[in-house]
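The data below hold one chain only, encoded as structure tokens and taken in the form predicted on its own.
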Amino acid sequence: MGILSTDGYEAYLVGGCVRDLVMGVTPGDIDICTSALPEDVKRAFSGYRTIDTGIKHGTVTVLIEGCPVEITTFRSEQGYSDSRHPDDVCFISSIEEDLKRRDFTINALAYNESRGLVDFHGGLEDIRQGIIRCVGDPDERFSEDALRIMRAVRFSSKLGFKIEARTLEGMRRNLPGLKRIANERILSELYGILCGDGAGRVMREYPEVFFEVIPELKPMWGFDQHNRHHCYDVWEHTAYAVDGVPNDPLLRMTMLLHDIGKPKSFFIGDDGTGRFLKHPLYGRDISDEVLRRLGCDNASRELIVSLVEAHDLRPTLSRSFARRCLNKWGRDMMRLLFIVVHEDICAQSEWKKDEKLETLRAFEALVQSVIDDMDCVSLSDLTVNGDDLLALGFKEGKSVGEMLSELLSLVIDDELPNEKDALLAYAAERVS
């Protein structure tokens, strides 16, 4: 800011970085607003690399010691026909007017050394009270940019703040505007919400926001499971499960979606108990559709969908079952699956919970033993390969693959030792 001040311009730290500094948190990003026009900013920082990040809207990014700093000219905004971006931007000379366009009071803060903290909207007091409040009229703020609805929930989840009543009412009135927001932006905000320490709480307090962006979640709300394994409805169980896993976006998304197939698969058995036949398979298909729609990258989508499908793991404490799981999912996914299954169990009732957790711990130890002992769990672990089978007289192609798969299955189930002579002897008897 000193460079701009030396050149005669006003310059302030602004927004989230000021909020973080007030709260004693190291800012993740540094944003500066200034009376200087973009060309003035570039001229002032001619000795640095500059990027025209959003030159039309007055933003220039300056790389200072390798760190990107966004510098934006004081501006006012008019018209948001896409519920996201201003149709017109006017450069102005007043920090007071600039702060009026900000989303929430806690972000409508500015600071420089000469004026100190600039707070026209009560942001400092709202930080002290832990409140998220719109700057001005909530309907105006959310109609300008509907994504602010999800930002409010993200700040609540991350900071532990409550959303002020008038702001919450405005959010609810403007929920349909989220349909006009790019799905990739929705997904990014959703990850941010889920990775906050208050994720489960905001799921309970503001469920309508989740249901607006993923309508498939809504049937889970208040859905009584009629099953003694569960003491919560499906949505409440899901909220506990989300809070239970580490705040990794893929794990949190897995837990959000893990029981999404339950309402569709539900029926009451003859004994009056609720059943969810094949709900992981329903959940897999629904989750895949949801994540595709949200623009989730393929690798993340495939991992989440696989974890949803596998989350109802009911292990058998046998070495062959452990090998089959490793063969199907691999070490990395098994590590994540144990986290998912553990927290799914922890979010259930106390009935047989200790027994289920003890079985899970024993199975995890068994899987680790299989890994440590380097048991054969994949085709690459077999002591024979395709060339060996060709030498026996198998025809190249399908028959080789089928025999290798059969040998692997026999080894996994301890019906044959993983010894070359034994495997070749078995294969030789089956050469057509």
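Residues carry their position along the shown sequence, with the first being 1. None of the values given here were measured: they were computed from a predicted structure.
From this point on, the text means the form predicted together with ligand ATP, which you will not see here.
Can any non-hydrogen atom of residue 205 be found within 4.5 angstroms of ligand ATP in the model of the complex?
-> Because no heavy atom of residue 205 falls inside 4.5 Å of ligand ATP in the model of the complex, the answer is no.
Verify the contact flag for residue 279: yes if a non-hydrogen atom of it lies within 4.5 Å of a non-hydrogen atom of ligand ATP in the model of the complex, no if not.
-> No - in the model of the complex, heavy atoms of residue 279 and ligand ATP never come within 4.5 Å of each other.
Contact of residue 406 with ligand ATP in the model of the complex (heavy atom, 4.5 Å) = Although ligand ATP is absent here, residue 406 would stay clear of it in the model of the complex, with no heavy atoms inside 4.5 Å.
Hey, in the model of the complex, does residue 154 get a heavy atom within 4.5 angstroms of ligand ATP?
-> Contact check for residue 154: yes, within 4.5 Å of ligand ATP in the model of the complex.
Select from the listed residues 227, 174, 107, 348 the one whose heavy atoms reach within 4.5 Å of ligand ATP in the model of the complex.
-> Exactly one residue meets the criterion: 107.
Contact residue in the model of the complex, from 102, 342, 262, 284 (heavy atom within 4.5 Å of ligand ATP) | Spelling it out, the residue with a heavy atom inside the cut-off is 102.
Interface segment, criterion being heavy atoms within 4.5 Å of ligand ATP in the model of the complex, picked from 154 to 162, 110 to 118, 284 to 292, 320 to 328 | Checking each option against the 4.5 Å cut-off leaves 154 to 162.
Thinking of 243, 301 and 309 as the candidate spot, does ligand ATP come within 4.5 Å of a heavy atom on all of them in the model of the complex?
-> Answer is no for this spot.
Residues within 4.5 Å of ligand ATP in the model of the complex, restricted to 24 to 45 and counted by heavy atom = Result: 29, 31.
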